[in-house]
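Below sits a lone chain in structure tokens, taken as the form predicted on its own.
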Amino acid sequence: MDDDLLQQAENWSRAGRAVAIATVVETWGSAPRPVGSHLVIDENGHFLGSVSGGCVEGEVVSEALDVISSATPKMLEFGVADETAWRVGLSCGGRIKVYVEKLIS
């Protein structure tokens, strides 16, 4: 499935759409998706794939739009110790790190 997502990101880019790729790079404890999971996001906020679930995905999409406009990658971290844990849906005790970068064509 992740190969299909990366192919779709390339297709969007070739069609002239600005694209970001979010990748789970680290997990600890209870995490919904494994390291290497992807979410691809275009400049209009359309997305495919999953890096977590629930509200985390919405936060990642929002941050990805910033990455697309600035072309500056970001490392995002979500976890129960984070003050936003309940808001972004990781109240289960896990922690994830997600790297978001703009796809340069």
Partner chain sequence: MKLELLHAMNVERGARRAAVLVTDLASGAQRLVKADQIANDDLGEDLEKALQSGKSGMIERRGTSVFVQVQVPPVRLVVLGAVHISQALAPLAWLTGFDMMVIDPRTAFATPERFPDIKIVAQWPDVALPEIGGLDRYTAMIAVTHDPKIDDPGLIAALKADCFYIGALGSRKTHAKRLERLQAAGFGEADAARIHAPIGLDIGAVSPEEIAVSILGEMILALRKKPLRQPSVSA
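This one's a predicted model, so the numbers in the text were calculated from it and none came from an experiment. Positions refer to the first chain, counted from 1.
Same protein, other form: the form predicted together with the partner chain, not shown, and the subject of what follows.
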Can E26 be called a contact residue for the partner chain in the predicted bound form at 4.5 Å between heavy atoms?
-> yes
With the cut-off set at 4.5 Å between non-hydrogen atoms, does G36 touch the partner chain in the predicted bound form?
-> yes
Is the partner chain close enough to A18, L48 and S70 in the predicted bound form that each of the three has a heavy atom within 4.5 Å of it?
-> no
